[in-house]
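Only one chain comes next, encoded as C-alpha cells, the form predicted alone.
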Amino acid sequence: MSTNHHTPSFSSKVGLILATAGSAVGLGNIWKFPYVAGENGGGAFLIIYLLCVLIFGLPLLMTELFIGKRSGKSAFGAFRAIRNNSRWQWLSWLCMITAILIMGFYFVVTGWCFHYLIAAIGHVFRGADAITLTEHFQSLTGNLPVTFGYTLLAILLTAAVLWFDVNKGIERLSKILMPLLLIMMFLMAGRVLMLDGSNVGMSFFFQADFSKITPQVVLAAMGQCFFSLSIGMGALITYGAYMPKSQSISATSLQVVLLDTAVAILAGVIIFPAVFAFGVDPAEGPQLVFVVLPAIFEQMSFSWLSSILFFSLLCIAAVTSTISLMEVAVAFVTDASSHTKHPINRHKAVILVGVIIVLMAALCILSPTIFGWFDKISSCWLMPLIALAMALFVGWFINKDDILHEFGSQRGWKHHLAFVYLQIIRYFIPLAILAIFLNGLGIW
C-alpha cells in the first residue's frame, strides 16, 4: 500500500470536522429533507431516518474516510493504492462521473438560491401570494440567460475558494460558514417557534404515527440518508486523504453525522411550525422552499428579515457542498495527471473542471429533461452503486486486522464495535442497497 505524502492535509481537527460536515450539510438537509419528511408522515419518517443514519450512514461514512486516509489519495488513486493493482480503477472513474453529474444540476439549484437571496434583499416578494411566487419561480427557470448568470456566479465563487490550497481555501471558509450556518438556523428556529400554531408543526415532526411506516417510507429514508450525508460521490474519500494520520476516523465520522443530522432536524423545526401555523400542506414537495416558504414569510412580521435570513442559510449550505463536489474533480485531475509527462497543477485543474461544470450546467438549464436525468441517475443509481462497491471493497478485499486496528484496539469494547462495523458493511449494507435497487426497478 502506497501513501501519497504530497497530498495536502487539514491543519486542525476542527477544520477537518467542519469541512467534512460542510460536505455533507447542503441542500439535501434544508431543501430536500423537510419536504421528504412531510410527504412520508413527519415523525414516523424522522425515526426511520435516524435509524438509517445510524445503521447505514455512519458505517458508510467511516468506510469512505477509511479508504481516503488509508490510501492518502483522492478518489482517483485510492482503490488502486490500497490493493496495489488497477482492478478497482473503474470505481474511481465512477466517483468522478457521479460528482460531475451532480454538479451539473446542483450548481443550477445553487444559482436559484442566490437569485432568491438577492430578490429577498430587494424585497421583491413584498405582498406576494403563492400564485405570484409560483409564477416568479417559473419565470426564473424559463429565463435561460438569468438562470445561467446565477449558475455561473455560483461556479465562479466555488472556483475562487478552490483556487487556494486546502488550508487557505476549504478549511478557512468552513470554519466561518459552518458556525454561521448553525447560528442563523437557531435564530430562524426561534423566530418561527413564536408563531401561533407552531406547536402543531412540532407535534407533526416529532410525534410518530407508526401506522404510517411502510416499506416506501423506509426506502425514502434510506435514500435521503445517502443524499444528505454525501455518500457515494468520492467527496468523503478525498477529505479522508486530507486527514492527519493521528485523527480518529470513528470519532470524526460520529461528529460529522451528529452535526449533519442536527442541521436536518433544525431545518424541520424551522419549516414545519411555519407550515402548520399558516395552514399549508406539509407534503407540498420540492416547491416548499422556493414557493411556499416565501409566501409564508410575507404573512409574518419582519418578513423582509425572515426571507433574507432563510435564503442566506440556504446559500451557505449549498456552497459548502459545491466546494466539496468540485474538490473531488480537482483532486481527481491533479492526481490523474501527476504520473504523466504534463502534470496539471491545482490552478489549471480548477479552470479545467470549471469549464466542464459550466458545460454540464448549461445542458441542465437548456433541458429540464437532462436536469432530471442527471439527478435520477446520480442519486438513485450511481451513489447507491458506489456505496455498495465500497462496502464490498473494504469488507471483503482489505485485511480484517487492518480494519480492526484502524477502528478499535485489539481487545476490549472498541474491538467489539469494530467487529460489528465489519459485519454491517460485509452483509447488512449490501443487502439493504440491493433492496433499494430492486425497488427502483419496480421488482420490490
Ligand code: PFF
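Each residue number is its position in the shown sequence, starting from 1. Basically, rigid core = biggest C-alpha set you can superpose within 1.5 Å across the two forms. The model shown is predicted, which means the values in this text are computed figures rather than measured ones.
The protein also exists as the form predicted in complex with the named molecule; that form is not presented, and the subsequent description refers to it.
In summary, among the residues S253, T158, S324, S74, the only one with a non-hydrogen atom within 4.5 Å of the named molecule in the predicted complex is S324. Between the named molecule and the residues I67, L61, M383, A37, the one pair within 4.5 Å by heavy atoms in the predicted complex involves M383. The stretch from 176-184, 332-340, 359-367, 230-238 that comes within 4.5 Å of the named molecule in the predicted complex, counting heavy atoms only, is 230-238.
The named molecule is not drawn, but in the predicted complex it has a heavy atom within 4.5 Å of Y106.
When contacts are judged by a 4.5 Å heavy atom cut-off, G42 does not count as touching the named molecule in the predicted complex.
Contact check for L27: a non-hydrogen atom falls within 4.5 Å of the named molecule in the predicted complex.
The rigid-core alignment places the CA of G57 less than 2 Å apart between this form and the one not shown. Annotation: Cα of G68 displaced by less than 2 Å between this form and the one not shown, core superposition. In the core-superposed comparison between this form and the one not shown, the C-alpha atom of G26 has shifted by less than 2 angstroms.
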